[in-house]
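First, one chain by itself: the form predicted on its own, in structure tokens.
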């Protein structure tokens, strides 16, 4: 059986911290294309994607379950009845690729985890979903390590640039423009985004709308 990949997704008013460079409609399109990039990486790793959406959403390349509850409550309810292998991956990781995900799902430990920047958690692999519960927000990485210890689960920490790079703010966009290979990068380029160098630091620039 393929690993089930749970991908939480919020279609409505996503990525508000990018409002300084993307309008509301552009943010919606961008979030959907990042999700599509993640789904393709998941499929490439041999996993079966299952989008967990907070509201109605149609996707031609993955199953969508509409569950309007909170992130932790929703995922823990799902994990409770999942006895097989489970991957939980955030939808704003457009640098994900199959090779990085295979590294997780082939761990010899009970679980593997990829930390995000700022103490968050970007990806979790569980050899048995019902053995674990999640606790996102705040310093979730440390909380997840503590939960693994409490439940006597061996845990491998995976150091992965591609899986640790989430796109939340303008300052994250250069990573996507430099290293991205999917639809979300193409979309930014179609909007006119390009790399800029200011005082020796890499940023992004976009032509002003006329």
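Numbering follows the first chain given and starts at 1. Everything numeric here is computed off the predicted structure, so don't read it as measured data.
Below, we refer to the form predicted in complex with a further copy of the same chain, which is not included among the displayed structures.
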property	result
Heavy atom of residue 146 within 4.5 Å of a further copy of the same chain in the predicted bound form	no
Non-hydrogen atom contact residue 84 with a further copy of the same chain in the predicted bound form at 4.5 angstroms	no
Distance check, residue 159 to a further copy of the same chain in the predicted bound form, heavy atom within 4.5 Å	yes
Non-hydrogen atom contact residue 109 with a further copy of the same chain in the predicted bound form at 4.5 angstroms	no
Residue (of 78, 105, 100, 71) lying close to a further copy of the same chain in the predicted bound form, criterion heavy atoms within 4.5 Å	100
Three-residue site 21, 67 and 91 fully in contact with a further copy of the same chain in the predicted bound form at 4.5 Å by heavy atom	no
Answer range among 27-35, 57-65, 138-146, 43-51 for contact with a further copy of the same chain, defined in the predicted bound form as heavy atoms within 4.5 Å	138-146
